[in-house]
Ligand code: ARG
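Below, in structure tokens: the form predicted alone, a single chain.
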């Protein structure tokens, strides 16, 4: 903790061109020696969250790391306050249809190792998956988690797009669940500008991708509940969530509507292009923030240039950064980088 705290404080004061780093470090060092930990100021917490985003190897949207809004939820102590804070995050992150990158940081792990709050969902908003014979209604990725939610007493409607509850624990106690009120969740119905039949598929997706199962580690302090969001890249919804065979697997149905010859080796690409068009068109029509793969890669390459100019080497997980569709047409496909973990970061 001493080592990470010293490195973080040095970076914080240096990058923000502030005076008083040594004096602040002396105070932190004394606090750690006396209590085994220390407390970040809000400005340190906020900047640490920004650095964690900047250091996130699997994120392609890091160009905007300086714009991250931090909600300080470290004083949240009760279940009611925690659940209200989750709803507050959704309200803050989506304002007048536009999405702002936001993180809510709850209390850190206690000196005895207990996590005051811990979220079990990989994202706050998730669609249920139900096993019905040899078929799945909803999202196949979430079948096991849906069954776990049901074991806790939650009951879904058995549809393709039932929003799951948030499962969380308090002080490492038994898991409990909370259903986020429907009026706080914005969803986009998917249609196509040319094909009227596309709306008959009944597809929809939520606007906010709030990653919630990861902890954030800043200067040696671990905050086990720190849900954060950016906005969707097109391929995340269209190519992966709707297109993957082990997810909603919509390509065969779209191919049938398009009357494609499925003996051709190109039918999936043709169906996928129409699917991408539909998702992008629908989010644009709903004025919901989204980025296409080419714009996202251009932004990431600009981020790399800015970091190089600042004397910092960009690390990244190439297998996560390349778009899953038409990846070789983007500059990042031909870019090499190290996949090394830097702190602050999400873990």
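Numbering follows the first chain given and starts at 1. Nothing here was measured: the structure is a model prediction, and the numbers come from that model.
Beyond what is shown, the protein has a form predicted together with the ligand; the following relates to that form.
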Partner-proximal stretch of 85-93, 226-234, 175-183, 262-270 relative to the ligand in the predicted bound form, 4.5 angstroms, heavy atom
226-234
Assert contact residue (the ligand, in the predicted bound form, non-hydrogen atom within 4.5 Å, options 220, 140, 209, 116) equals 209
Only one of 122, 148, 195, 257 has a non-hydrogen atom within 4.5 angstroms of the ligand in the predicted bound form; which is it?
122
Classify residue 215 as contacting or not contacting the ligand in the predicted bound form by the rule of any non-hydrogen atom within 4.5 angstroms, answering yes or no.
no
Quick one: is residue 169 in contact with the ligand in the predicted bound form, heavy atoms, 4.5 Å cut-off?
no
With the partner left out here, check for me: in the predicted bound form, does some heavy atom of residue 241 sit within 4.5 Å of the ligand?
yes
